[in-house]
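What follows is one chain in structure tokens, specifically the form predicted alone.
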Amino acid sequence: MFCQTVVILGMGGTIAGRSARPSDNIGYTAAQVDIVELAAAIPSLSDQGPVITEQVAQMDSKDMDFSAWSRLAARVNHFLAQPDVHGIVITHGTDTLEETAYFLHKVCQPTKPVVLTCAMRPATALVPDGPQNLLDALTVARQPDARGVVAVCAGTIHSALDVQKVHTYKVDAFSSGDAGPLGYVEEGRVRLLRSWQFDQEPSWQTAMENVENRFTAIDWPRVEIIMNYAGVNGTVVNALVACGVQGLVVAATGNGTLHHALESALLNAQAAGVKVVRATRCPNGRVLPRPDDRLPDSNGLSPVKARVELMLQLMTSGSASAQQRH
């Protein structure tokens, strides 16, 4: 039997939420049940081997912040370094799960599995989805060949690169877009559709050192997201530049298209030293670059993940202002 340890790190979210009535799946308070209680409610959780639980944060993921990311990355790296730990499961809210997954993918670069899981119904629901999601996440974390950061929800395994929340209410709220899922968890067994994805870019070591060593005192670069839409102008861009923004990600229309007034403001911002990246607001597809592009594209990343990428680039290059705190 495969018996190496799996660590479960609690971050709060709906999976740890409580509601006054079991039939109420939206009027709940997130992040109320600690990870020890969540794990204890599933008798079969440790059937396949030892489990360690630790509460890293207890928060609604809509309120996710850089301090929590720093603490989480440090604990993930701590446990990844333990030779008897085969994998890590993270219970997390759904709202910003995709951003946390991409952040961990870039700064931790795990060769062991790091599995984020979640719920769309609170722990007190008449039929909660959290327990099955947690069991499925444990199955993936114990998979002998698993590696990298993934998300597991509603029996589907998503890569950190592709996962995106696409529904406000359904239990199966996540998609991997046109890339498709990595695989499925079916009755305690993993059916893999494509290879595990992980990152081994040494250029991110500086960003990870900043995250680990400076924790909440880190001067995170200020990177904002703006959107292209009918009638938009450059007012917001100009205001952000005046406030000292260091990076801008634009959720462009279609294949990275921009209103001429917004494009002009973004080009001025770029000329002033602000890093600008074009993503698309379309849920599927990616911006296909052209030779005459004057603003770089996000290489297929969604706007929120492109923001994380740009922050890490600024942290690594040292171009973030030491005066800007968040």
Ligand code: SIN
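Model, not experiment: these values are computed from the prediction. Residues carry their position along the shown sequence, with the first being 1.
There is another form of the same protein, the form predicted together with succinic acid; it is not shown, and what comes next is about it.
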property: Stretch in contact in the model of the complex with succinic acid, which is absent here, among 185-193, 223-231, 132-140, 87-95 (heavy atoms within 4.5 Å); result: 87-95
property: Partner-contacting position among 120, 72, 245, 123 - heavy atom within 4.5 Å of succinic acid in the model of the complex; result: 120
property: 4.5 angstroms heavy atom contact with succinic acid in the model of the complex for residue 66; result: no
property: Touches succinic acid in the model of the complex: residue 298 (any heavy atom, 4.5 Å); result: no
property: Contact label in the model of the complex: residue 52 to succinic acid, heavy atom within 4.5 Å; result: no
property: Residue 60: touches succinic acid in the model of the complex, heavy atom cutoff 4.5 angstroms; result: yes
property: In the model of the complex, residues of 17-32 near succinic acid [heavy atom within 4.5 Å]; result: 28, 30
